[in-house]
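Next up: just one chain, as structure tokens, the form predicted alone.
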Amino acid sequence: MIKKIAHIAVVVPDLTEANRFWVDALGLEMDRVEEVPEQAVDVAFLPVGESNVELLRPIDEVSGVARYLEKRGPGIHHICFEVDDIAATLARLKSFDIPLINEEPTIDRHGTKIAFVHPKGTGGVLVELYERP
């Protein structure tokens, strides 16, 4: 079951420039910036209610996010849903023949289980699923 929208990720070439809109003009607060080496990005977390806007800046030229930025330019990269049981959610999606990028979830350094759903099965939207420990 989906619990909430965990975050919406926006790819940006420069966090400082992006903050001009998101923080300075729009008025969101910057919670923190983290380097996420397994995704080769710096992530700025901007809380909005129980969710976040995450600004993703690639830190190398060959990562998936860097390739996305090169091909499509800045903009919304993915939407992330927090789920209560990621294994059950993936099994349900498989039963509907929805293509998955991750057949099994990966686990990040915070213990969060993560899996991505392929945009071919979602109408063109990259969807991330989260199960927090």
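If you're wondering where the values come from, they're calculated on a predicted model, not measured in any experiment. So that there is no doubt, residue numbering starts at 1 and follows the sequence shown.
The form predicted in complex with another copy of the chain exists for this protein as well; it is not shown, and the discussion that follows is about that form.
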property	result
Segment that reaches another copy of the chain in the model of the complex - one of 101-109, 74-82, 58-66, 35-43, heavy atoms within 4.5 Å	74-82
L28, heavy atom within 4.5 angstroms of another copy of the chain in the model of the complex	yes
Another copy of the chain contact at E70 in the model of the complex, heavy atom, 4.5 Å	no
K3 within 4.5 Å of another copy of the chain in the model of the complex, heavy atoms	yes
Partner contact for V117 in the model of the complex: another copy of the chain, 4.5 angstroms, heavy atom	yes
In the model of the complex, residues of 89-124 near another copy of the chain [heavy atom within 4.5 Å]	T89, R92, L93, F96, I98, V117, G121, T122, G123, G124
